[in-house]
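In the block that follows, a single chain appears as structure tokens, in the form predicted alone.
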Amino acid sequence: MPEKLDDDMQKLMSDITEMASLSKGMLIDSVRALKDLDGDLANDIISRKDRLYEYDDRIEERALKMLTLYSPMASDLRRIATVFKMITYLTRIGRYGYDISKITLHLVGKPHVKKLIDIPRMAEIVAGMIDDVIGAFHTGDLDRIADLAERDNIVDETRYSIFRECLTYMMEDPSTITRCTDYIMIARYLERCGDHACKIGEKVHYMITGERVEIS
């Protein structure tokens, strides 16, 4: 029975890796579509939503079956409990990529107010946070998420910088209001994705150590 549990655990972890790649890809690609005002890419990202939800359902079903069949204890139980939380956060991250793509479709054909620098920078930081929490989940290396809170603070500060800059543009030129409102919303979405990465980090820390921490 333990050998079968190990086999199913490996499949579960493989599914999580694939879901994380899909979710992060939707987010990163959505920002690329936004930067380039690429409607075709935005539509492609939107089409990935069903696959994201399929991963959510499949992983949840697999994890529930493992709880029923094996009644896992200690670290195995914590790992499965972590998976239940992770799929929720990964679904939300991917869904924000979907939402950014929807906004992008409304912006296609309109020039950006200015060259986008801060939004892609936020996305790059968040992508690194996602990579590291997934890496820690697989390897047990907590050093990968030791500075997660600091990176999240940078994401938060960048969001407020975008908000202030957009307010200036809107006051100087009312024709920018719609576009700047979209930028503010997208920055908020990216900030929330950083928060979700931190929540995954908290669950991974508990999975590895049995101790609860707050990363914020």
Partner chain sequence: MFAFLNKKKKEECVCPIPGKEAKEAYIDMKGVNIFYGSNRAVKDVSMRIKHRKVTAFIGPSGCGKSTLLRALNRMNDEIDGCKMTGSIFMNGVDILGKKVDPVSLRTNVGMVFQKPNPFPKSIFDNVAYGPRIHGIRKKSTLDCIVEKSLRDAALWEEVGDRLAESAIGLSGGQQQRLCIARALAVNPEMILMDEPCSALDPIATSKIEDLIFELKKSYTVVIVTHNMQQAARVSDDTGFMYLGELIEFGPTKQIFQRPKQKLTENYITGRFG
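Fair warning: this is a prediction, and the values are worked out from it, not measured in the lab. Numbering follows the first chain given and starts at 1.
A second form of this protein, the form predicted together with the partner chain, is not displayed here; the remarks below concern that form.
- 78 is the sole member of 85, 121, 95, 78 with a non-hydrogen atom within 4.5 Å of the partner chain in the predicted bound form.
- Looking at residue 71, you'd find a heavy atom of it within 4.5 angstroms of the partner chain in the predicted bound form.
- Proximity of residue 215 to the partner chain in the predicted bound form: non-hydrogen atoms within 4.5 Å are absent; the residue sits far from the partner.
- Contacts with the partner chain in the predicted bound form, taken as any heavy atom within 4.5 Å, map within 198 to 215 to 206, 210, 211.
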